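What follows is one chain in structure tokens, specifically the form predicted on its own.
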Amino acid sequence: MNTKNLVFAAAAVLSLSGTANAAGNPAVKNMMEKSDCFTCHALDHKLVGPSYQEVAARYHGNKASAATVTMLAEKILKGGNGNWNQETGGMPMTPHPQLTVAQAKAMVKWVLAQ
């Protein structure tokens, strides 16, 4: 299975199973590992950016609204700055325009499930 098909399969699984199962979804984690996500973020401690657990806590984890998931996916796609300045010293999140909206949302759901 090529990477594109793997990503779409992961997004489909997440949309069918909901956010609760996203934390254990190895396809989404694999997709994130192949991207540069883990260069700046770790599961349980700050690197350049906040930990995934900090992000999940700030945005209410599995209880995050669809609007929050969309907003965070847009930050992945377009980059962002300002929401985590205290934690990052103002370092912006780089944009990831090579990802699809479905991929970004799958990643957000994975992060929020941590």
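Owing to the predicted nature of the structure, the values given are computational and were not obtained by experimental measurement. The first residue of the shown sequence is 1; numbering continues from there.
Note that the form predicted together with a small molecule isn't included here; everything after this is about it.
Please tell me whether any heavy atom belonging to residue 48 falls inside 4.5 Å of a heavy atom of the small molecule, as the geometry stands in the model of the complex.
Heavy-atom contact with the small molecule at 4.5 Å: present for residue 48.
Although the small molecule is absent from this view, report whether residue 65 comes within 4.5 Å of it in the model of the complex, heavy atoms only.
Although the small molecule is absent here, residue 65 would stay clear of it in the model of the complex, with no heavy atoms inside 4.5 Å.
Please tell me whether any heavy atom belonging to residue 36 falls inside 4.5 Å of a heavy atom of the small molecule, as the geometry stands in the model of the complex.
Residue-level check for residue 36: yes, a contact with the small molecule.
Can you check whether residue 40 is within 4.5 Å of the small molecule in the model of the complex, heavy atom basis?
Contact check for residue 40: yes, within 4.5 Å of the small molecule in the model of the complex.
Counting any non-hydrogen atom inside 4.5 Å, which residue from 70, 53, 88, 30 sits next to the small molecule in the model of the complex?
That would be 88.
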